[in-house]
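We give structure tokens for two forms of one protein chain below, kept apart as structure 1 and structure 2.
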Structure 1
Amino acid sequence: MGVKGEVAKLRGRGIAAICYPTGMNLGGDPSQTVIVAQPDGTFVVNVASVELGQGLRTVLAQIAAEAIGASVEDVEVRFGDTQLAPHDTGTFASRTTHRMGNAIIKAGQEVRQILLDVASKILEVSPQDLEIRNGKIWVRGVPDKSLTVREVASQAQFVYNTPVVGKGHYVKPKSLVDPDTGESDPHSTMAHGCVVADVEVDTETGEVTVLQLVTVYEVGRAINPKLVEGQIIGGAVMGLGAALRETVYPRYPQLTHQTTSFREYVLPTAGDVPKIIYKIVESPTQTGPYGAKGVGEMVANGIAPAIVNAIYDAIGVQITELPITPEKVLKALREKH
């Protein structure tokens, strides 16, 4: 450390590389769904999963629309009610897009087949000669000879005496573990991420400023890239809070100083957010719906280690206990000298 003010601010860069499993560890977590056509030929997808803000209703509607061949505007996902929807294990473990997505594909394919069968009667052609996509059914090579999915789904009920209902289920059967080795098949698929953090450490106050986060995530397939982006940015800021500020027990393992309000437990606010550069890459997985892997959790995981490694790079000391408060930075600097 030189003259005060001269090298008071040190910069550093840190990396973290991560993988994250999709779905409950070891599996055994089923998801079921039922898709039911409404009288007007639109569709309701019933799931007991829960919309928490992540955009589950939107993503699942996209998967259902794709599987049925319906227009996404004609698909409504109803959620979170054990009376209306069959069993689903729950909305956690980055499992819903994967588990429920797979269940919805099966249910959607059943609906699709029903629609093709009914359309073949209306158009008097074999179901094999029909195409269905994005709300339209047409005779292959004769685009003029077409029907809307809505009218077919409606006519099925009113004219052709056919219920338009699809059911779907997905489970990765539970992998039992060998107790002496841990041998097991814990996950359905792994998603990946890499974070590069740039920080500035004020050696006089101990304060750490995160200047930039570069994040790249491989998500199998981004069913909805906009919603993936929402997760990436939100997860980055949650990771930043964990890295620098958050714990309910600041003197862990002691119970003293336990936080009781947002005045003591200081969440990141708008002004704390660094520049976040991100990229989504795709490597579709065999087990995922249209190749998708789980996204929601992984995006918080690489942030704290990248920031801590950046602080290590900046000050030459690796602080190992989160959160990296100014107090810990100053202590680390003092012990270094």
Structure 2
Amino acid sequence: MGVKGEVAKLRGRGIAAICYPTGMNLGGDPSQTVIVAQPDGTFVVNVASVELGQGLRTVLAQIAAEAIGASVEDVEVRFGDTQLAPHDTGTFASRTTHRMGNAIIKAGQEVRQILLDVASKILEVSPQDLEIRNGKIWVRGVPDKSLTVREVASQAQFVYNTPVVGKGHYVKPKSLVDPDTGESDPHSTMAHGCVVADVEVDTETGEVTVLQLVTVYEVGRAINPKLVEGQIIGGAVMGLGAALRETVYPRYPQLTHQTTSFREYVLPTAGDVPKIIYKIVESPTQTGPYGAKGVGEMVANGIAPAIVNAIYDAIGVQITELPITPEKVLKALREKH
């Protein structure tokens, strides 16, 4: 760092790796859903999950459309009213795409079979002779003999008096621990990631500037890559705030020094966001809906450790309490010398 008292801006690089579970291992982590066809032949997916801005409305509609064979534009996902929707354990633990997605596939497959049965009556063929995808049902080998999914769903209700309703549920079976080896299957699947952070530390002011974040995440299958990219960038900024700006844990049960507004609770702004380079790696899991794993929380958790390690690389001091404020950096430098 040079001689004592010399002002310098020192750079460092830090690495953090993460492996992150999807959901919980309780044998009591269920998600349930009901899919109901509307009179116009569109579909409503009723869930008690919550859209937090992570893109569930789109991803769950994609999963339902694929399972039914409908167009995604004809699927509406309705959230939040726990009096009307079937049970869901909660929107947390990076579980919803995996758990609710699996439940939706089961419900969609039930709807799909009803549609094939009704279409077989309309087209006067066996259900086994029909194909359904991308919003159409047609006779195998006879492409000009077809119906739209919306037509069949509507006729099922008005002509054949058949409710088009599918019910689905999913729960991760509880995995007991082997008393001799300690082996178990605690989570339904694991996602993985790595973060490399480059920082600059001003030894006069103690200010830490993150210059660049490089991230790679293995997410199973990215059902909607653009939404995964949005989560990665949002998680990077959230992790940046946790590392350098925000007090992310309460002082409970003490009530002193609590932040009461955003004047005291300092969030990163656009000017604080460094260059973010990211890559998505797909390795589909057998347990997930179409191979998907949970991604929500993982993308925020590795950022702060990488920044901490980068600061250590720059100034040779390991800071162990977040956020890493300029005061903490200066104190660490004084104690070092």
Partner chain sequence: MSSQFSVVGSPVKNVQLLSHVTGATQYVDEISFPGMLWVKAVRSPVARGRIKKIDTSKAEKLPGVVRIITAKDVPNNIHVNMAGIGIGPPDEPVLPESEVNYKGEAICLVVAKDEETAAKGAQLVEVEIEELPPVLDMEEALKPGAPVITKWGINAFIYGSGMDGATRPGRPGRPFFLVKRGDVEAAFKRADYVVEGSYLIPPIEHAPIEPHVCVAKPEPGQRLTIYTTTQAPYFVRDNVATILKIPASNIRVVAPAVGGGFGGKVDPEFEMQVAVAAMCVGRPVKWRWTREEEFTVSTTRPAVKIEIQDALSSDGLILGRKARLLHDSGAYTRTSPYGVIKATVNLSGPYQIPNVYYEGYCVYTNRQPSSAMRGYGVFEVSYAVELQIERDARKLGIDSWEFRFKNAYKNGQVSATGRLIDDAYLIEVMKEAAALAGVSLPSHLLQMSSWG
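Small disclaimer: the values here were computed from a predicted structure and weren't measured. Counting starts at 1 with the first residue of structure 1 and goes up one by one along its sequence. Between two forms, the rigid core is the largest collection of C-alphas that superpose within 1.5 Å.
**Student:** Given the two isolated forms of this chain, which one is the form predicted alone?
**Tutor:** Pick structure 2; the other is not the form predicted alone.
**Student:** Aligning on the core only, does the CA of Q109 end up 2 angstroms or more away between structure 1 and structure 2?
**Tutor:** Comparing the forms between structure 1 and structure 2, which are aligned on their rigid core, Q109 does not shift its C-alpha by 2 Å or more.
**Student:** Look at T148 and decide if its Cα position differs by 2 Å or more between structure 1 and structure 2 after superposing on the rigid core.
**Tutor:** False for T148: its C-alpha shift is below 2 Å.
**Student:** Tell me whether D185 is among the residues that move between structure 1 and structure 2 (Cα shift of 2 angstroms or more, core superposed).
**Tutor:** Yes, because once the rigid core is superposed, the C-alpha of D185 moves 2 Å or more between structure 1 and structure 2.
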